[in-house]
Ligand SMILES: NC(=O)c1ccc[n+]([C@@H]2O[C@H](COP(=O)([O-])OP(=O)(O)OC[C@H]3O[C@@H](n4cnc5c(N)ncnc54)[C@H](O)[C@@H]3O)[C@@H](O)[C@H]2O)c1
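As structure tokens, one chain now follows by itself in the form predicted alone.
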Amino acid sequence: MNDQKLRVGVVGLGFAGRTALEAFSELPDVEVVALAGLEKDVLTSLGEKHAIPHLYEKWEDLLETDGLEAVSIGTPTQLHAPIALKALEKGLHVLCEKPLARTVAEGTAMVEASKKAGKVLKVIFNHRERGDVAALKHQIDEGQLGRIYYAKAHWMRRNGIPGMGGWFTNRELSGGGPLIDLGVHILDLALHLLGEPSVSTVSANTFAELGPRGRGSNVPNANTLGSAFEVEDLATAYLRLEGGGALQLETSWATYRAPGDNFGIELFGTEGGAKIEVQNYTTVDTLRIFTDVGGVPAEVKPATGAGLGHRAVVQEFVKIVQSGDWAAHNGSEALLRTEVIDACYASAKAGREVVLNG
């Protein structure tokens, strides 16, 4: 396109917002010109650190910044749709933290707004940018596992409810518990590795056994809303995939199990299998490939790098915007994840299988 820097605004001062801010600030072809958030001391500190000229408490004011071209949304989930819709209406490109939205209705509105504006809407699924995931994806694409017919994905915490009484545990603000928070990550990993198969049906259960009793969180309750625990603390789902495949999801914020914050995926194929097991966010010795060598069972442990995570997603977003090839990047893939999560909640509520396609 041209040699001018992409002018970006960042909304949100929590982990998601700060991580995106750091990633944008590292890029020589990007200028972070605006930052918004409610915590005045954090806002001032980050503004000074990154020499950001425009600081706002309200996201609405940030969107009025002269010359702004793109906005990064790192806020609680209930604000994803309002900010994205207003930004797209103003002709801005949007990078949004996961999940896309609380509901299919919100997500659909965002995707349609992206299409109408002709601007990019990209969602941050950073875990697919891990080195072990990239290495496994390469093995799959090379045919090393054959046809994958069954997969299991999990993200399980022993004691990891992210703040009792805050927005995470308020259903209206968050849209749900670990299923929409962590489950959307492992769902994305699985569908990405499996080549984006359609999900035909889901059968799910949700449980709230520890959170309502004040158990399962080691996060201080500072700056919370005083809300009751309104969401699940464990969820499981069985997904039937096009072509006869199946995917099992399991996710929790809190359950009586071995200590840790662990996620992973296991794949079963006609020519081989694979497993990624990540304990407490490690990036070392996490990938196993299972195969036969001369008819003898063999296990390969590839050495993989850490990957760039959030930074890779931010870099890809900037690359897409600068390319001018925007039409295919309208959030539709992220909306498919939201449709599956919505169907899982509907299945759990109804106590029966829910059909998505056909």
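In case it trips you up, residue 1 is the first one in the sequence shown, and so on. None of these values were measured; they are calculated from a predicted model.
Below, we refer to the form predicted in complex with the named molecule, which is not included among the displayed structures.
- Contact annotation for S217: none of its heavy atoms lies within 4.5 Å of the named molecule in the predicted complex.
- Although the partner is absent here, L79 sits close enough that one of its heavy atoms falls within 4.5 Å of the named molecule in the predicted complex.
- The named molecule in the predicted complex comes within 4.5 Å of a heavy atom belonging to L38.
- Proximity of W167 to the named molecule in the predicted complex falls within the 4.5 Å heavy atom cutoff.
- With the partner omitted here, the residue from D181, E129, E250, E106 that has a non-hydrogen atom within 4.5 angstroms of the named molecule in the predicted complex is D181.
- The single contact residue among H50, K319, K58, H54, judged by any heavy atom lying within 4.5 Å of the named molecule in the predicted complex, is K58.
- Of the candidate stretches 268 to 276, 235 to 243, 146 to 154, 98 to 106, only 98 to 106 has residues with heavy atoms within 4.5 Å of the named molecule in the predicted complex.
- For the partner-free chain shown, just H310 of 308 to 334 comes within 4.5 angstroms of the named molecule in the predicted complex, judged by any non-hydrogen atom.
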